[in-house]
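Heads up, the chain below is alone and in the form predicted alone; it's given as structure tokens.
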């Protein structure tokens, strides 16, 4: 049986970084321990979701290419728990 894999892109553009994306670094070790080899976290320079003043949704992330606004570490952990289960 193949293990599920999840790709998480975290926007590290200026707006997202200032509004909380920097907080994701605090859970990377926890994710690696809980789901070893199953979650790839990729910081990206900017996702352009704030273009045109859409700052109200920042910070942004993509989970398996699906955009998620108002992202925060607890939301990501909940999503991973739902997708991968606990170990």
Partner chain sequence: MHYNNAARISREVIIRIARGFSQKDLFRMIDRIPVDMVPKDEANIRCCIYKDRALIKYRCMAALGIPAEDETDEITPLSEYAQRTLSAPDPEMPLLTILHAACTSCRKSHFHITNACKGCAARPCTTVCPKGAVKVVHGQAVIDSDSCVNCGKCRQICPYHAIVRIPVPCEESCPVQAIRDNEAGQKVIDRQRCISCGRCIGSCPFGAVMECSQMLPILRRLHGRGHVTALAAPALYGQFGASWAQLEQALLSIGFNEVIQVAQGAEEAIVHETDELYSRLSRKESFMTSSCCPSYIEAVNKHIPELKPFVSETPSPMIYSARRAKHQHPDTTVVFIGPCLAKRTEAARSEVVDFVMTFEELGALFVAAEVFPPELEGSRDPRRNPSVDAQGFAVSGGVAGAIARAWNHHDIPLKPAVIQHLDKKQITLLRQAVRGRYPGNFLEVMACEHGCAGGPCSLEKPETAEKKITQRLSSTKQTLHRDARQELSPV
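Because the structure is a prediction, the values reported are computed rather than measured. Positions refer to the first chain, counted from 1.
Form predicted together with its partner chain: not shown, discussed below.
Asker: Is there a non-hydrogen atom of residue 39 within 4.5 angstroms of a non-hydrogen atom of its partner chain in the model of the complex?
Answerer: No - in the model of the complex, heavy atoms of residue 39 and its partner chain never come within 4.5 Å of each other.
Asker: Taking its partner chain as it sits in the model of the complex, is residue 67 in contact with it (heavy atom to heavy atom, 4.5 Å or less)?
Answerer: Output for residue 67 is no: heavy atoms all beyond 4.5 Å of its partner chain.
Asker: Does the 4.5 Å heavy atom contact test between residue 19 and its partner chain in the model of the complex come out positive?
Answerer: Close contact exists here: in the model of the complex, residue 19 approaches its partner chain to within 4.5 Å, heavy atoms only.
Asker: Is residue 23 one of the residues lying within 4.5 Å of its partner chain in the model of the complex, judged by heavy atom distances?
Answerer: Yes.
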